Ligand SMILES: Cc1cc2nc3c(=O)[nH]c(=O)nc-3n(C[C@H](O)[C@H](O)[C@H](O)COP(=O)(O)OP(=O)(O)OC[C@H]3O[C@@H](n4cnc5c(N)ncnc54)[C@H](O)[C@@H]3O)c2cc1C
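The chain below stands alone and is given in structure tokens; this is the form predicted alone.
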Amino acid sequence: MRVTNLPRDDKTNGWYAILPDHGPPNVLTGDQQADWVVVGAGFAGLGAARRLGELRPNDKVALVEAQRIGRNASGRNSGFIIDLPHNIEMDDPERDFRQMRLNRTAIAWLSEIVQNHQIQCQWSVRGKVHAAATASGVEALDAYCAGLDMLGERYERWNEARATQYLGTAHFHDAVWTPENILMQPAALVRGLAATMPANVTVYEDSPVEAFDNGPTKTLTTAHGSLKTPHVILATNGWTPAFGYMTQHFVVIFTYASLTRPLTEAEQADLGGEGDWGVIPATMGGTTMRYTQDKRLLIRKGVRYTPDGYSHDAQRRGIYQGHIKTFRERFPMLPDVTFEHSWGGAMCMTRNHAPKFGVLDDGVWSAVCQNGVGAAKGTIQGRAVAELAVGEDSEIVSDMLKFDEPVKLPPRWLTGIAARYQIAKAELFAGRDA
């Protein structure tokens, strides 16, 4: 079958743009063979390829990415590796305990890889801050703390003075800090993960799969070559339907971010705060923020339903103006600081927030749809699907298989109406948290 819907991310990703050049891509050329092919080199694909390389050191593993690694969706997020659920299930704590086990296993594995290979990605064990500037945001924090108490998790509740001392900005008057989240530079991390694969893993970039023959021996064809293999793992998120699977189960939305130039020493002093940090809004529709180790500020705000999977210039320009306004409200002490980069990144969602993990077909597996917490969930889904595919019995495979299957969506026109309504409602409800 022809694979017609391919990733088409633009080249505006700031995280990628500030990295040093790392030479031309290794493009798939000619007719090749492999024992395993992983399609998609985001967090899930990187996790799957690495684990296959570890478990099957005598097998040939190919990892195929449509774009440059780090320019793709996994290199476009806000740079959080989150251990805790965003929304705690008070009626189903076992689901949350299971997800926390998986997320923390992912963090421990990534931490080991980063340390062993000295991957320079601004890895920072700083936790995260949930912050509120509205009464509804405070109510959300109250509920979140009740959930953390139920789970027995450690946290600190901060008043306005403490939040201002930590962040520099006085915009928030209530906050919750949790300690085990990791902050990082996402494009640097995924590029580093790809560069440090086991020796039996070959990474191909700028090699979008244009046709997929799902016979006993599977053939994946690109513009300049092909791969024949008995085993395929799809780590393709919202592009999985292009391969003929899950054609009415995924919603693709784009979130948008802007990144400043580095602050001068004087501007760093004007901002204040206690080092690098990451802020998650207490309410849906609010603004996510980062202050990075290289002294840049990031604003992530604006969500759009994008069934074609493409960040449109007009959308990005309009949202960029909102980023400027939000930045000025939060950082009035930095009147001369400007954004260097603005971009959009794809996020794959399901109606019931369930991943699609496991067997899709004879010789085909999937680790797709992380529902917005891609670094931890994607990494562990990739590792788990590799273990499942080779018959490895593990706790993470058992945990992953306990999640529900994604619920089928209504027709696309109705899904679009519902998605746009929910986005608009969340942004309106967020108020000063937006």
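None of these values were measured; they are calculated from a predicted model. In this text, residue numbers run from 1 along the sequence as written.
Just so it is clear, the following notes concern the form predicted together with this ligand, a form of the same protein that is not shown.
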- Note on the structure: None of I380, V61, A386, A41 but one has a heavy atom within 4.5 Å of this ligand in the model of the complex; the exception is A41
- Consider the chain as shown here, without its partner, and state which of W158, F243, F357, Y291 has a heavy atom within 4.5 Å of this ligand in the model of the complex. F243
- Query: Quick one: does R300 come within 4.5 Å of this ligand in the model of the complex, counting heavy atoms only?
  - Reply: yes
- Item | L409: touches this ligand in the model of the complex, heavy atom cutoff 4.5 angstroms | no
- Message: Residue-level question: is N72 within 4.5 Å of this ligand in the model of the complex, judged on heavy atoms?
- Response: yes
- Does this ligand come within 4.5 Å of any heavy atom of L428 in the model of the complex? no
- Triple contact flag A48, A108 and T196 to this ligand in the model of the complex, non-hydrogen atom at 4.5 angstroms: no
- Exactly one listed stretch (371-379, 50-58, 22-30, 390-398) reaches within 4.5 angstroms of this ligand in the model of the complex by non-hydrogen atoms, and it is 371-379
- Using a 4.5 Å cut-off on heavy atoms, which residues of 314-336 contact this ligand in the model of the complex? none
